[in-house]
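Just one chain follows, in the form predicted on its own, and it is written as structure tokens.
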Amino acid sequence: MEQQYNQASYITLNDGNKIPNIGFGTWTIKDEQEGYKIVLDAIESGYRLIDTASIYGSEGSVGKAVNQCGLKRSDLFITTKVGKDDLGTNLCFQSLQASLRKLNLQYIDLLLIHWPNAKAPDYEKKLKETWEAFCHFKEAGLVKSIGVSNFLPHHLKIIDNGIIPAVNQIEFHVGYTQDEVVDYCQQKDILVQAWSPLGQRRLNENKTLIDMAKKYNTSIASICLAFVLSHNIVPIPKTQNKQRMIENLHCFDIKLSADDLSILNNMPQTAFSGLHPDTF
């Protein structure tokens, strides 16, 4: 299968495995047949990292596309996540088994703890148990890399057992950059991934971004993705439109000036989802 646009490259994680520097998100893609076509379009457009989760309802679609796209399994990087209600030794193993079955895969490239579930009274114990189980999954070859999602520094310290997460996937976009989390992770050599890098369309009416897109003769989405990349963060955009999938990959052509980066970095909080790791 030919890649229509090839500017994406790979980043080496702290465990030595390589990950594409842009991904495709599948949240809200629930219908298996429609989802299969969407994921197949993403792969045909050039995406090699496909991001799903046990709670998304898209694992079946992802698995069907991965197994029928014509590419070698090793050419694709599949991420899934254990949900916050499946933390603990036994439940997280059952979740992984269910994900492997739905995806129809022998292994997962990256398995993440989806949320720390910090409101649960025994969440620290469950986080420690889950992380230990993840380490065993990796040793057993069920997963290649392990990480977390929506973890703040104090959550990362809870699971510190000498095995550092390869990835922390967080909400990150223009208007919501979580600088403390990003700085902490990058100091620890934990790759940061950005979910909602386009602000779930909430940034489309932002005048600063509208003007900047005109200046660079590109889309607001491409400006947002170029901004994420400028922070050495892997964006995971989502769209169901194949043309926009392809357009989003052109973010690698955009080099934002230092002045424009400063403007975007200093924008007031906007487009925040409202989901906070200590309360969700």
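From 1 onward, residues are counted along the sequence shown. Remember, it's a predicted structure, so these values are computed and weren't measured experimentally.
Here the subject shifts to the form predicted in complex with a small molecule, a form of this protein not shown in this document.
- When contacts are defined as a non-hydrogen atom within 4.5 Å, all of W115, A221 and P237 contact the small molecule in the predicted complex.
- Contact annotation for Q200: at least one heavy atom lies within 4.5 Å of the small molecule in the predicted complex.
- The closest heavy atom approach of W195 to the small molecule in the predicted complex falls within 4.5 Å.
- Although the partner is absent from this view, S61 stays clear of the small molecule in the predicted complex, with no non-hydrogen atom inside 4.5 angstroms.
- Using a 4.5 Å cutoff between non-hydrogen atoms, E247 counts as a contact of the small molecule in the predicted complex.
- Here is the short version: of S149, S145, T130, N206, the single residue with a heavy atom within 4.5 Å of the small molecule in the predicted complex is S149.
- Picking from 209-217, 25-33, 64-72, 251-259 the stretch near the small molecule in the predicted complex, with a 4.5 Å limit on heavy atoms, gives 25-33.
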